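Given as structure tokens, the chain that follows is alone and in the form predicted on its own.
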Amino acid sequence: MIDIKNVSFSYDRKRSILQGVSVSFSQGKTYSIFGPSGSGKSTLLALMGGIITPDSGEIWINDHNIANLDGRLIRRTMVSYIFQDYLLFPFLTAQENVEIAREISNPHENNGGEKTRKLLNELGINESLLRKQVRYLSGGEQQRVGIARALVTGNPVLLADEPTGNLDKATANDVMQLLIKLTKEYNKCCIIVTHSEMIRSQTDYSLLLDNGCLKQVETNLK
């Protein structure tokens, strides 16, 4: 699914963040990446999303070297983001927020509205919440809308940057269980940056990023 090959990155060619990182991520699996603040976790996600480019090395998604692709194409057809701060349109409804993402990625899809409603229902956003502006939803409900927005595109890779950082412990656990369940059900590759021990314990693999290097430290597969 994703192959990162000897990737290095530094800011202004002075402050080294990543040093020769090589790792592979597989479809249908969940991964958590943890490490000290400033270690480059969000930078690694941005590299995989085509937002920034490495100083050296290569990133491949589904046998495509993303250096040869337009960043907008990567985010429209390959990678979807789930953000800590949700980044929804506050004056649009839950359904409208998800519909925008679906229409950008799959503008000619048949029965798209029904697909959106079904997915939101599966994530616990019922018919009454579908029609509410998201600014009136709770944090947990907004994050569920954010997950639906990422899933509805059909993109094979989900990149989540501290997706439960603004939620209380119980809500965070519920949201994570849903995200992991739907990653398996929709056969996605889900990579989560986190400081949470709870999230690390639930993902299939846990990797430490520190001093510019990434290494697997835990496998939670049964």
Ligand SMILES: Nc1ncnc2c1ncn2[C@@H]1O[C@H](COP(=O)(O)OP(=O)(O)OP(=O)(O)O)[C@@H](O)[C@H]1O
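Predicted, not measured: the structure shown is a model, and the values here were computed from it. When you see a residue number, it is the position in the sequence shown, counting from 1.
Below, we refer to the form predicted together with this ligand, which is not included among the displayed structures.
*Asks:* Looking at 23-31, 166-174, 38-46, 60-68, which lies within 4.5 angstroms of this ligand in the predicted complex, counting heavy atoms?
*Replies:* This holds for exactly one stretch, 38-46.
*Asks:* Do heavy atoms from each of Y11, R15 and E162 fall within 4.5 Å of this ligand in the predicted complex?
*Replies:* Result yes, every residue of the spot touches this ligand.
*Asks:* Within 4.5 Å, heavy atoms only: does H195 come near this ligand in the predicted complex?
*Replies:* Taking the distances in the predicted complex, the answer for H195 is yes, it comes within 4.5 Å of this ligand.
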